[in-house]
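Form predicted on its own, single chain, as structure tokens, below.
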């Protein structure tokens, strides 16, 4: 049984045993959103993936400092050193102050993350709040010989960095400087300012019309996009921390340049483990606004899109994301969401059934008892294998089947000890709600649903009374009306239960 956590380190392209720098503590930095528009569903997938990683690390007992930044300056339109600042452009188009844009879309991002039940990070720093620290790092890079100023802008000298073997530029992404030369275009803006086509800006002189600007030793300007993460990760987690995460699309140039900046200023890379989440497809293709193959989180929840037959709740979408490993591509289809909806309900229903088994444990352990313990061990072993949620989910589904069989009498309760039943309740709840991060949206008991629970309890009492009085017309009317409201009443030997949906 695998009881050590192993993670796939993108830098070394292999799974490695996870050993934090400080025992019992984990420092994790994840590149957050650039807040110039509504958050993309593909980004949501990345943040949900790292939310599960965050949750599982805490489940293992680690004290985690999770830092996820907000990019609110320096991210240009083409993700390089040209074009307009994304936030400044949106401010111009919407006739708002740049910080109004930042606040508007930060609020929207947080709203969506709450809907997906993602935990808040420990620290959420903004790039504009760390301009002085970024200027300091630029100066350190210049002082160490890996930065040069030209016409008020400062560039990172990638060729010198590579020649001095300070770091293997391209190691994370698999790109080589020779390839970058071949891919470069002679007509790129400011290309003549650079010593080498692969050099990148760490400070940019602001043009007269540029709104976001700060004083620096080199010019009135703004920091490069890649610099902010180097600065904020080291400020809050130290020069070397445990995990750096983000989307696969950030490997190059963003994360590659982060490594170069940290090495040039601190003498080494920023972290021990690089983790990358893969992209979200839709109907087998990359999402694209230009060809209409896209859907927003809101459209997915409301069903107001030609790509879905109806709306799906945030927890169904989150469950859907669990079904694929974070490092693999995930294909969003209406059929897959329908299947996820059924799977999600099955998990929640099994949790309700489990609560009813509480006082029915047997006097001693048997084969069923052993099977339950084995499945719980296997679920954790799957999560220890690079946070493998689809395989762990499969083990939890096996547990759900056994729980239902115990409830229905198909498996003998006298073969399950009180100790195992207690462990099962704790483990099942931990996986479904604490690790997978799901919430019960089907009408389960709990603070959020207490009013609905009370109403349904009253309705079931009325129907039970009608049946006792052989008032079948009223009994059937209540059942049919509930069905119209998508609430299913199920009569069993222990009374009547209810669920929302199928």
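Keep in mind the model is a prediction, meaning the values are calculated, not measured. Numbering follows the first chain given and starts at 1.
Beyond the structure shown, there is the form predicted together with a small molecule, which is absent from this document and is the topic of what follows.
In terms of contact with the small molecule in the predicted complex, the residue from 249, 164, 100, 419 that brings a heavy atom within 4.5 Å is 249. Contact annotation: residue 31 falls within 4.5 Å of the small molecule in the predicted complex, judged by heavy atom distances. Shown alone here, residue 384 lies farther than 4.5 Å from the small molecule in the predicted complex, counting heavy atoms only.
Although the partner is absent from this view, residue 194 stays clear of the small molecule in the predicted complex, with no non-hydrogen atom inside 4.5 angstroms. Contact between residue 40 and the small molecule in the predicted complex is found at the 4.5 Å heavy atom cutoff. The stretch that touches the small molecule in the predicted complex, counting heavy atoms within 4.5 Å, is 45-53, out of 429-437, 45-53, 462-470, 59-67.
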